[in-house]
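Let's start with one chain on its own, the form predicted alone, as structure tokens.
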Amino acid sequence: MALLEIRDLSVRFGRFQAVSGVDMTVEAGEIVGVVGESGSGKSVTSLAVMGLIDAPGKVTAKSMAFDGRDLLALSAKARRRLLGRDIAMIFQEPMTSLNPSYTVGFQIEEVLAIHGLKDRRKRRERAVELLEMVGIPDAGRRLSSFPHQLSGGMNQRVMIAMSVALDPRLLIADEPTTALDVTIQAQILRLLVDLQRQKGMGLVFITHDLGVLAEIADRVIVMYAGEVVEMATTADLFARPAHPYTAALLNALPDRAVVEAKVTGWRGRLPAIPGVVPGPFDRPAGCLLQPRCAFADERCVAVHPDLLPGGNGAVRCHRPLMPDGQPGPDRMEVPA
């Protein structure tokens, strides 16, 4: 049984369908990467798992279970007991996620107190231990610091310390390195992977950077306009992308351009995907990518594709790409 299992998750805000038909599984000890452009539904999906979608948002799913427990059927009190203890999340912006009115020590100790550690001295000892674990020097003194007195990297480490304070079994990291410089990004990534391996957590790592997932993820889920368009192991996804959107994202990676330049002598601009992710009220009737896809045909314009087994995992495309990067036969024309 998977640690986290989601089937047909949808999130709607009024008339806007932010997430539609998302499937996801995460095993204990596995790192699953979720990638896509801004507006693809990555963060909304994670907030739905955490129960943080407020009105007018509406969350529905055929199944959303953690270790066999139906998350949608839990009462608010039962979900609060689960969050932080068994499922935790690192949010995008530590400066807006941490409360500027309280010290970081108070905020870490509050997590421990809410989940049953009543002894104040033990809470402080645990808070110091957590800050040391995430690499903050002079941890005892840092407990009395306010968020504005720490750097962005330090605040992100405090957020990580809070998220792992109760040894959760599932950790969701929502673009935890976005606002940090490259050196600090590498340190935070290394810290998260080390913690994940030490504690055997399931880790969902949300990002817009495929290069990061190449280094850490076991599997990758590619999202576009609120839908999953491809799922595969990391090695298969990078070697043989089956969806045109995945292939376009990979082609835009600077590292790939450097390799191509060395091999072929190519010089020029990085390939870019034309257009933008469709908004709430300009979603095409067929495939959501078809206005931006070089391989779109009449069926793509008229018929919305399903997520079906294909490539080396699952792909939402009428004509998944072949190993040579060209579209294969239409699925409707392939004999059963």
Partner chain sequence: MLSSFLRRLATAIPSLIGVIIVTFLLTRVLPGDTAAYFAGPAATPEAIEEIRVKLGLDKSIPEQFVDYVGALVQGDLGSSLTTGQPVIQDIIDRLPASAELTLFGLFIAIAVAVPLGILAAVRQGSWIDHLCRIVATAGVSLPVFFTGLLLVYVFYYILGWAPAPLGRLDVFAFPPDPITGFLLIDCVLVGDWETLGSALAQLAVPSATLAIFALAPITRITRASMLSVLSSEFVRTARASGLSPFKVIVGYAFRNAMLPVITTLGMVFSFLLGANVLVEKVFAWPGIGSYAVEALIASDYAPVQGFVLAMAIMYVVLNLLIDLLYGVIDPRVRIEG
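Positions refer to the first chain, counted from 1. Every value quoted in this text rests on a predicted model; they were computed, and no experiment measured them.
Not on display, but discussed next: the form predicted in complex with the partner chain.
Contact annotation for residue 121: none of its heavy atoms lies within 4.5 Å of the partner chain in the model of the complex. The partner chain is not drawn, but in the model of the complex it has no heavy atom within 4.5 Å of residue 197. Interface membership of residue 111, defined by any non-hydrogen atom within 4.5 Å of the partner chain in the model of the complex, is confirmed. Heavy atoms of residue 135 never reach within 4.5 Å of the partner chain in the model of the complex, leaving it off the interface.
Between 241-249, 125-133, 188-196, 94-102, the stretch whose residues reach within 4.5 angstroms of the partner chain in the model of the complex through a non-hydrogen atom is 94-102.
Each of 47, 52 and 159 places at least one heavy atom within 4.5 Å of the partner chain in the model of the complex. Proximity to the partner chain in the model of the complex, taken as a non-hydrogen atom within 4.5 angstroms, holds for one residue of 83, 212, 150, 180, which is 83.
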